[in-house]
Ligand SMILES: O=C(O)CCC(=O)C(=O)O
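Next up is one chain by itself, shown in structure tokens, the form predicted on its own.
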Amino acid sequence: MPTDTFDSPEFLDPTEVALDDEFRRRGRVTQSAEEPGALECIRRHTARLAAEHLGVEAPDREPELPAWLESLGERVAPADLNALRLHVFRGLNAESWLRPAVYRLARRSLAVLVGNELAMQRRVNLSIQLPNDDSSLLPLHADCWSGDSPYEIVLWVPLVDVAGTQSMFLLPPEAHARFAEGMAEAGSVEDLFDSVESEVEFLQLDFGQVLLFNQNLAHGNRINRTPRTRWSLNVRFKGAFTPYADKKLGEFFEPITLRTMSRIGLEHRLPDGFRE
């Protein structure tokens, strides 16, 4: 029977509410890549660029490809790693398809957690962490402590399976709140980590999964004590019209999904005489 009322007073649907609740409670969301083919393309091109730098051929199929990436430590010494990383980083970011492909790995979740008018980091970062290498570490930190806007979210994309010290760690929201209250009394960065070591969570992801995390929470990595090299990408997103910090729009960020009326509004100019 027709009715003149609507039976739901909510603006968000249950799946959006659930995603929001999980992210706020855990400080992160792990999910399957929304376009797995894009992720596979990124990994194959990453391997080709690495092989090009090394003057060898990389396998192009499972299961050889992940094993080849994970065994990089057999072919590259820590002293030579940065040259390889820069070659792959530049090669990836020279591709016009890279950023749209990375965005499509999590675009639906980004729309829920951040919004549908997004600014994206102009370069996609690449991290490579060899086994037992102490030269590629990010000590415990929160990005907003060093000039990032608290409105940013990080998309973290492993190109191999990761777990334990091969992965990154994150301090959950409740533990971070307790930690932040007493942080001024801590000494070195290592002292900071020691104070929360029992509460940090090393994240486990299989290739094909991606992570969205709150970069306002303490996170970092440790020496990779596994025999497998970690390859991962990371990139930042924020609402295009939310406040910026040191990393500015047009310098570090670029709008990627501005909607029609936002573009019209930005382009609008009053006729002559209205400002007199």
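This one's a predicted model, so the numbers in the text were calculated from it and none came from an experiment. Heads up: residue numbers just count along the shown sequence, starting at 1.
Omitted here: the form predicted in complex with the named molecule. The next part is about that form.
Novice: Would you point out which of 191-199, 101-109, 174-182, 151-159 contains residues with a non-hydrogen atom within 4.5 Å of the named molecule in the predicted bound form?
Specialist: Residues of 151-159 come within 4.5 Å of the partner.
Novice: May I ask you to choose, among R228, R43, R236, R26, the residue with a heavy atom within 4.5 Å of the named molecule in the predicted bound form?
Specialist: Residue within 4.5 Å of the partner: R236.
Novice: Using a 4.5 Å heavy atom cut-off, which residue among H141, R123, R75, R90 comes into contact with the named molecule in the predicted bound form?
Specialist: Filtering the options by heavy-atom distance leaves H141.
Novice: Can you work out whether the named molecule is within 4.5 angstroms of a heavy atom in all three of G115, T242 and F253 in the predicted bound form?
Specialist: No, because G115, T242 and F253 lack any heavy atom that approaches the named molecule to within 4.5 Å in the predicted bound form.
Novice: Is F207 one of the residues lying within 4.5 Å of the named molecule in the predicted bound form, judged by heavy atom distances?
Specialist: F207: no contact with the named molecule in the predicted bound form.
Novice: Taking 4.5 angstroms as the cut-off for heavy atoms, does A119 touch the named molecule in the predicted bound form?
Specialist: A119 lies outside the contact set for the named molecule.
Novice: Can you check whether F213 is within 4.5 Å of the named molecule in the predicted bound form, heavy atom basis?
Specialist: F213: yes, in contact with the named molecule in the predicted bound form.
Novice: In the predicted bound form, does P66 have a heavy atom within 4.5 Å of the named molecule?
Specialist: Output for P66 is no: heavy atoms all beyond 4.5 Å of the named molecule.
Novice: Using a 4.5 Å cut-off on any heavy atom, which residues of 193-230 would contact the named molecule in the predicted bound form?
Specialist: Contacting residues: F213, H219, G220, N221, R230.
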